[in-house]
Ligand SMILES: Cc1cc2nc3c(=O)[nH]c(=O)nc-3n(C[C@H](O)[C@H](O)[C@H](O)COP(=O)(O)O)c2cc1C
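The chain that follows stands alone, in the form predicted alone, written as structure tokens.
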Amino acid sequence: MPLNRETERLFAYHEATKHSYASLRAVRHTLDWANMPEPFRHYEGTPVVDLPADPPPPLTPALDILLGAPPPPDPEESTAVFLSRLFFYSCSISATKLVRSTGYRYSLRVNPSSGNLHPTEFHFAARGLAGWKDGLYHYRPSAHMAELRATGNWNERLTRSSAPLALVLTTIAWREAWKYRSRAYRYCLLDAGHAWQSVALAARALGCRAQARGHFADQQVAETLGVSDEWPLLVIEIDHPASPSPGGRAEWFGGRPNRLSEELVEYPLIDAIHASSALDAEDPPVHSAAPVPGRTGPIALPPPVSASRAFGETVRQRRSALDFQGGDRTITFAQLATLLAAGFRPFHADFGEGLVRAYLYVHRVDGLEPGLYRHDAPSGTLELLRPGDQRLWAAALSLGQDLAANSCVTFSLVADLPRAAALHGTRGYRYAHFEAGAIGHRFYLAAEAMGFQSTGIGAFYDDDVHAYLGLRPGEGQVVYHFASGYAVRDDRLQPQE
């Protein structure tokens, strides 16, 4: 496939940020704890709107939200309660951890994040929602409040649509770059995929449909939001019932964004990759081609299992496992099939899906022998590539992390980046990572609903993974590792009050 200069730059970025045994030892990186970015963004000087505390949890089983039909919306529910539930069950603080040696306490959130650094911010525009002022808002998770940044009709300015509720997910790359340096942009995109699904599934649990849009003019949306160090990545339109509204008088409050660090270290590779994948207002949308036909494997997946654990409880209890118990604890083949069914359900987005394929390192799954497998989502089948114990390889390829071996199953999510570029141009790099993050988020919730846990793994020896999986040049690039099993107990966890 011929590549233009910008697309070549995307592939060059990916190559430059690959991990290898040599690259990780070439430059020693020490974290500057005194300059660690502030984890919460707020806009000083804006009016704040309290969201009702302790909103009622969505009671529909989580697996039904992931695999089945959503419940109807509650016609008696106020807008304030709806918004409180939407954010409380998608991106609020869910727990804290206590460092006993120092007494320091830090927050965990409903939506997972690489290194718990949370680069994603949540802005939203509301119009015509009963009892709620039309305007542009920013969600403040530290206090479960909405900051009113402007009044009036901002929905059409942001999304060019009539959606009554539109969220814009932005990223603050510095939050991830502080720890992960130039590779951090990958994690920002994966985190956005997690956040997208966190919001979309919460909306679904509340009876609303959410549609993601990745095709928009970056600079225009950023200027409309009035942000500088935040980069818009995704727009999510939610079809909550609304009444026609003229939008009211437009008044801009804006607010002063809080300073995140004393010093912001620049990473030119990150700035370049983001600029290369940006769109101008004049860019026409790129239409998706037909999906690539699947390759049916000889092992058919069993039907998904059912579980009664409610959506609200599931998302609030979800954690990223620090390690897994190992030993003789197993999941069943049907539970593994449920993970895959949940992860590879169709997405509602203007960029479609089908860019990511899963390879499985099966360690302890009842009814399936240990080995390396390739998943074919269209046919719902597995193909055995390498029989035998995969624990040593799974850990070694994941930068020697034992959790990839102690899990019941570990995944390599491989993206077809050349196809992403052919379908979507430079924007395809973002879309492939969004999809991988979205799949990971669905894995998280499906595992939690069935009584075990998961964790995302963003660090791996890229080209060694390709060699072990038998990928030929141009067949795909690993973009995410993920593991599921029974988490070890973490005594530092404190429930959120």
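The structure presented is a predicted model; accordingly, all values stated were derived computationally and were not measured. Residue positions are given as counts along the sequence shown, with the first one as 1.
The protein also exists as the form predicted together with the named molecule; that form is not presented, and the subsequent description refers to it.
Student: Just one of Ser113, Ser276, Asn153, Ser84 has a heavy atom within 4.5 Å of the named molecule in the model of the complex. Which one?
Tutor: Of the candidates Ser113, Ser276, Asn153, Ser84, Ser113 is the one lying within 4.5 Å of the named molecule in the model of the complex.
Student: Looking at Arg175, His240, His194, His424, which has any heavy atom no more than 4.5 Å from the named molecule in the model of the complex?
Tutor: After the contact test, the surviving option is His194.
Student: Quick one: Pro302, Ser379 and Arg442 and the named molecule in the model of the complex, is every residue within 4.5 Å by at least one heavy atom?
Tutor: No, because Pro302, Ser379 and Arg442 lack any heavy atom that approaches the named molecule to within 4.5 Å in the model of the complex.
Student: Considering only heavy atoms, tell me if Leu469 and the named molecule come within 4.5 Å of each other in the model of the complex.
Tutor: No - in the model of the complex, heavy atoms of Leu469 and the named molecule never come within 4.5 Å of each other.
Student: Indicate whether the named molecule has at least one heavy atom within 4.5 Å of a heavy atom of Gln401 in the model of the complex.
Tutor: Yes.
Student: Indicate whether Pro37 is a 4.5 Å heavy atom neighbour of the named molecule in the model of the complex.
Tutor: Close contact is absent here: in the model of the complex, Pro37 is far from the named molecule, nothing within 4.5 Å, heavy atoms only.
Student: So in the model of the complex, does Ile457 come within 4.5 Å of the named molecule, heavy atom to heavy atom?
Tutor: Heavy-atom contact with the named molecule at 4.5 Å: present for Ile457.
Student: Counting only heavy atoms and a 4.5 Å cutoff, which of 333-341, 128-136, 312-320, 71-79 contacts the named molecule in the model of the complex?
Tutor: That would be 312-320.
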